[in-house]
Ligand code: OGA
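A single chain, nothing else alongside it, follows as structure tokens in the form predicted on its own.
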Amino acid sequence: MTLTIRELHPGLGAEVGGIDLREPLTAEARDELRAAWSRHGVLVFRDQDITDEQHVAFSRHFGNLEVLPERDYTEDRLPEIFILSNVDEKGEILPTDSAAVTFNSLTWFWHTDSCYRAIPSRGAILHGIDVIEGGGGETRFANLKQALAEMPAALRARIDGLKARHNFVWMRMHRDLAPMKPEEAASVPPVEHKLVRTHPDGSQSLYISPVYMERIDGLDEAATRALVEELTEWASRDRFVYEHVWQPHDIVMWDNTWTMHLVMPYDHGHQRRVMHRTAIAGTEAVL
């Protein structure tokens, strides 16, 4: 197995060739992928028609796996598989006001995965099963290391030392979603994370997850929303962003510690989109 790595965007993103994810991964290939993932932040594997079992097996090479707090959206046989779909079990497109479609539309906002945990996820691996071809449903990834490094000095000075509260239950309340089951809500209490994250290698990144950010320390609600919007606008400029245009059975793997992402809107009442995701558990708090 000889891997090829082709850069997709100056800020982040690379396509990996020479690999079949249906086959067992060698230690050498795993180490090469880990290095490329660390360097590029987002890795793309084309034409990988894998099963959920193969998806989970590949993901475990990079760490333990999380399970979503809301089990209504996980695979019964493999709870590590989080299902993002606007299609029911019969293959019919769901009504646009259904709970699953409303929940999936949360991905249309910039976020980092599991920011509502004390230790957010290390990364995620997403399998495009039914993808939209011809416009809509693209996934954008923003490089938060580069965004921090190039941030205007005045804005950087305003956020140094600040923390934000990330709240799963608050997010749901403000997006017209039904209340969580009490045991599910209890599993995800609000957490605080610094706006500037220091990584084990000494590098730093902005750490924001706009859709989940309830309040920034020392700011009222209006000031919080204004600063979150300012940081989001800055970090989502074109030079920081790779936009992935999905092809059938793409696998996309991203580093959740220094990127954020969103899905571009699409006509979820008529366009089928079925994605399966695993989340790699984190090992460190946002320091």
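Every value quoted in this text rests on a predicted model; they were computed, and no experiment measured them. In this text, residue numbers run from 1 along the sequence as written.
Same protein, other form: the form predicted together with N-oxalylglycine, not shown, and the subject of what follows.
Peer 1: Considering N-oxalylglycine in the model of the complex, find the one stretch among 181-189, 151-159, 197-205, 104-112 with heavy atoms no farther than 4.5 Å from it.
Peer 2: Selected range: 104-112.
Peer 1: Identify, from the list Trp258, Trp254, Tyr242, Phe58, the residue with a heavy atom within 4.5 Å of N-oxalylglycine in the model of the complex.
Peer 2: It is Trp254 that has a heavy atom within 4.5 Å of the partner.
Peer 1: Quick one: of Ala100, Met171, Leu126, Ile132, which gets a non-hydrogen atom within 4.5 angstroms of N-oxalylglycine in the model of the complex?
Peer 2: Spelling it out, the residue with a heavy atom inside the cut-off is Leu126.
Peer 1: Suppose contact means a heavy atom within 4.5 Å; in the model of the complex, does that hold for all of Phe82, Val263 and Arg273 with N-oxalylglycine?
Peer 2: Contact check passed for all of Phe82, Val263 and Arg273.
Peer 1: Is there a heavy atom of Trp246 lying 4.5 Å or less from a heavy atom of N-oxalylglycine in the model of the complex?
Peer 2: Flag for Trp246 set to yes.
Peer 1: Does Asn167 reach N-oxalylglycine in the model of the complex if we count a contact as any heavy atom within 4.5 Å?
Peer 2: No, Asn167 sits far enough from N-oxalylglycine in the model of the complex that none of its heavy atoms falls within 4.5 Å.
Peer 1: Considering only heavy atoms, tell me if Thr139 and N-oxalylglycine come within 4.5 Å of each other in the model of the complex.
Peer 2: Because a heavy atom of Thr139 falls inside 4.5 Å of N-oxalylglycine in the model of the complex, the answer is yes.
Peer 1: Give a yes/no on whether His9 approaches N-oxalylglycine to within 4.5 Å in the model of the complex, heavy atoms considered.
Peer 2: The answer is no: His9 has no heavy atom within 4.5 Å of N-oxalylglycine.
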